[in-house]
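Here we start with a single chain on its own, the form predicted alone, put down as structure tokens.
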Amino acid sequence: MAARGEFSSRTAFVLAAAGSAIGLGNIWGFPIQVASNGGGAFVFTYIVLTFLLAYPILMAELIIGRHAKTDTVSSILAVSSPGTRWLAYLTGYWGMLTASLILSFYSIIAGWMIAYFIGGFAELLGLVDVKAWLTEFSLSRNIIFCFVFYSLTISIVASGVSGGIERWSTRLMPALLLLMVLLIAYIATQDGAAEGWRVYLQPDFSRVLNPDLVINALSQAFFSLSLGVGTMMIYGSYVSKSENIAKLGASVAALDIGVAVLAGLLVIPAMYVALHNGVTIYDDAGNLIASDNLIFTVLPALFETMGSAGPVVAILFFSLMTIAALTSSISMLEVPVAYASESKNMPRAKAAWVVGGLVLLISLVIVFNFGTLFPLVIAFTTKYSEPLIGLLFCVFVGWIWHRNHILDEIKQGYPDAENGLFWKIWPTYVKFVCPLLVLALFWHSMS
């Protein structure tokens, strides 16, 4: 079997891992949560909870992955005890299934992003019928662009860690940040943007301790870092033993927060620009409309009001969304591909196309039964599976894997770890506090 790949530098890892974390949920999910939960109060709570919950569990995944240097199933087995091997198998396979199911519905949405991106060019060229087909829900459009998105994702993963994941992450992430800054600057010049900035940046601290706000911020912090499916574990397995894993994890969390906050600076003002231009952003009950309608109804309607600049802004926005989707999808596909490649000795390129093809089949089943299966798969994976798998990661690191072995792993890139603040807090925190927070999150998702 060929030697395992490895990220060539800490920058490459941070960009790849942040790309995994920064997906469509950050770009549209975070701003909607902000708008619905007290503006700046939610931002403040989200940032705090990211480091109280998401960062400790992120570190659990990264440390397990780097220790074992293999796929997620074998990685969890490597830190299990003889009596918990059954639980390790359950956790590993469950995580791999969850990553695949998330990719199966995620790729459908990502295909829509590509269609809307091309739709901007169709509008520039005056191809009205083509644009209508690209931007209207149909079986043919959904199937075609699902294929297109899978082809992009599989091609990158098939090229390996350095030639595929690292190469494209280090290109796509700077492009994502540049596009976001350009769009923020443009939207800021439009009438109505100032009101959006005020709503976003002016916190209502009376709502900070509101239970619903706290749980929503906890949920956003957990899910925004791609936790509970093994993506960070597999990326951790590609990190050099000489790197300070605690600092790398903090860098990923910080970049994820930064992009989420930037997304708010783009989407919230854009919503109020749309409102100023006569576009409806509230439903009949006075609530902010759902996030899918925001992206595929409100913002396209906003672009229509921008005259000749509209198609260009639409192209930039949906290219941003496509990049965000792609940097996440490659990490999700990498979870089962690494297993097929390393545990089943399948050549990587073959593993990528075979596994990717199987997940594509799941997507097609969802496409043909969209009304029933699409919401069902989303609920199963994000509401139930991810929190419970995250809880199991805490159990393995906090209760099963020997504390001294964990310290030995961390010290490989951080020799003085035993005397640092991270080691004084993290082991106990991930053992007791994180499981309680995850259980609270799961309880909320069940209600």
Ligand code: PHE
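Throughout, rigid core stands for the largest set of C-alpha atoms superposing within 1.5 Å between the two forms. Only a predicted model underlies this, so the values are computations on that prediction, with no experimental measurement involved. Residue numbers here begin at 1 and follow the sequence given.
Below: the form predicted together with phenylalanine (PHE), not depicted.
Looking at 237 to 245, 300 to 308, 67 to 75, 326 to 334, the stretch with residues near phenylalanine (PHE) in the predicted bound form, meaning non-hydrogen atoms within 4.5 angstroms, turns out to be 326 to 334.
Residue 223 is the only one of 296, 223, 94, 353 with a heavy atom lying within 4.5 Å of phenylalanine (PHE) in the predicted bound form. Candidate site formed by 20, 24 and 102: every one of these residues places a non-hydrogen atom within 4.5 angstroms of phenylalanine (PHE) in the predicted bound form. Contact between residue 106 and phenylalanine (PHE) in the predicted bound form is found at the 4.5 Å heavy atom cutoff.
Contact check for residue 271: every heavy atom lies farther than 4.5 Å from phenylalanine (PHE) in the predicted bound form. In the predicted bound form, phenylalanine (PHE) sits within 4.5 Å of a heavy atom belonging to residue 229. Once the rigid core is used as the reference frame, the Cα position of residue 29 differs between this form and the one not shown by 2 Å or more. A displacement of 2 angstroms or greater separates the C-alpha positions of residue 46 between this form and the one not shown, with the rigid core held in common.
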